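Two versions of one and the same chain are coming, encoded as structure tokens; call them structure 1 and structure 2.
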Structure 1
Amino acid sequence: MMSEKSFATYLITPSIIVLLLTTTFPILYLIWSSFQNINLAMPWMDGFVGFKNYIEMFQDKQFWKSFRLTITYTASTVILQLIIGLGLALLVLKIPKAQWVFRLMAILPIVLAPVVVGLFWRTLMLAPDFGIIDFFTKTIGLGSFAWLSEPRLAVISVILIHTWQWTPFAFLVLLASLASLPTDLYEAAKIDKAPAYKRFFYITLPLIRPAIIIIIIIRSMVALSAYAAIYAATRGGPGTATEILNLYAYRTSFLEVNFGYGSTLAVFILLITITVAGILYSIRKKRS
């Protein structure tokens, strides 16, 4: 008769095989490709090149520009999502009877595909002259802006797009955390006549810190791997103004057909993502 351990092994084996085929093998192939010169435009030069691609990457000005933009994009969107999400959660917490309405509204941007979000903002929200945001700025006397054609405004726009879609996630997590906090601590603080800001900084923030760290970890990972919404909205433009590392790796691999160097960029993105995740998880472990 089959033992429980053997039965469990049979159940988990198909999942492990699928995981190896869909994740482990592609990652190993990606690492192998990063040490090769695979360029369909110059196939006669293909072959093993060692660390040449990595040396070229660190000497590439466009790489450093995309890297700085990726860090700026990630930090800005995560901070904005956390601040706005916490503010909305604190506000909605004061409206217990209608919380389900806000929860329902918050789910809508999350379930939209990033490509749909990018096209929505490109065609309806940020379109010159007849876009909703442009209409608002003209109404208050600020005039019309080329949101996706001027480099600095384009960067602000893609940050706004990502923040709009994923702030509801932070809002829902923080609202659930705030709703589960013990009320006796606040009652004791009120008896001691502690002002609202002290109750927030000395009671609320320490108690929801685990939720905040989890939000930072998850949103940082998603922002570092962002691609579809930016591509749909700006395609990395104007020029390379919004070309984060993922878009640069895509352009290098599939438009310039330089798969070796594109794989090197992808490996670097993978290493950055793992490093950031490791740092954030270690911070969470120390503070838990």
Structure 2
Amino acid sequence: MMSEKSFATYLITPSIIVLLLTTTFPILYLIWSSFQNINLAMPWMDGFVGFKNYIEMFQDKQFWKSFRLTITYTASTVILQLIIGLGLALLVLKIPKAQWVFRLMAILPIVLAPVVVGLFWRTLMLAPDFGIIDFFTKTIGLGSFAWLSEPRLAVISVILIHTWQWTPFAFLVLLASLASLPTDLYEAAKIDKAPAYKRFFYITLPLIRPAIIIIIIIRSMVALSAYAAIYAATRGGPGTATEILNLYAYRTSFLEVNFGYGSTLAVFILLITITVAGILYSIRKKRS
């Protein structure tokens, strides 16, 4: 005989061991190396340096720039995904016969590798004198734009690329959530002659709030770990115009081979992620 408790422990132990070894141990190693000098270009300087890397980080202009950009990128992509996804879900709800087409097509951007998405947009869509978008803007008389080589436009472009790929996620979740709403509330509201916008703000929005909060949580986490699409589209450029913290930590570690400082930047990314997750989960708990 084996008690349920010991059987339960027996089943979960392998996974816990794997997670401790593959995730917790490397994170501890990362924290340790953030207090070290690890520079493959200057190995004779390696050793424990205390908070030197952290002090350097707070005095580093590029760090602050990347930090601000990360916040802008995360906030704007999440908001855009929600608004466009919700708008489209409401539209598609009105055409029940065509819903399956949208559901099927929405899968396509989601399944593509972000690096492929970045490359496709860089080459096929946004390249001057070659891309479709450029062709359209020229055709309607707006002229040609340097979408990826003018700093401000490049930031907008990488935000739009991320939004393009992941709005289908918000759309699919919201469509499922909207489709499962009880209809009797709406009948009552219609009998009361409540106008459409009132029905939306007082009935629909509160009912789909849990779905919205979950979308915000998941999409923020993903946006904070975004890397491949920006790497493929701009490599953080022009200059460092689109270098979010992930790309800056990558450049520092792997191109400048300064692993100590790179680790410090990565620890900071970890801390932002934990903070954002903590805030969002506490909002979710309060509401539900």
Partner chain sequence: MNTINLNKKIFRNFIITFLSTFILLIWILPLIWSIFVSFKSEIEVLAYPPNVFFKPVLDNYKAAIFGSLSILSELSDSFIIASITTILTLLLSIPAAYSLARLNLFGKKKIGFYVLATQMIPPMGLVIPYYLILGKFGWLDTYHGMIIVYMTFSLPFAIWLMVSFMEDIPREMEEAAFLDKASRIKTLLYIIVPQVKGGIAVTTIFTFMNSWNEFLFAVQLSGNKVRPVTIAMYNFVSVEQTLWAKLCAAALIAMIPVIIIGLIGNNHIVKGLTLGAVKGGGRK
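Here, a residue number simply tells you its place in the sequence of structure 1, counted from 1. All figures in this text were calculated on a predicted structure; none of them were measured in a lab. Rigid core: the largest C-alpha set superposing within 1.5 Å between the two forms.
- Working note: structure 2 is the copy from the form predicted in complex with the partner chain; the remaining copy is not.
- Core-superposed comparison between the two structures: the C-alpha position of L271 differs by less than 2 Å.
- Comparing the forms between the two structures, the C-alpha position of T24 differs by less than 2 angstroms, with the core used for superposition.
- Superposed on the rigid core, the forms differ at T9: its CA is offset by 2.7 Å between the two structures.
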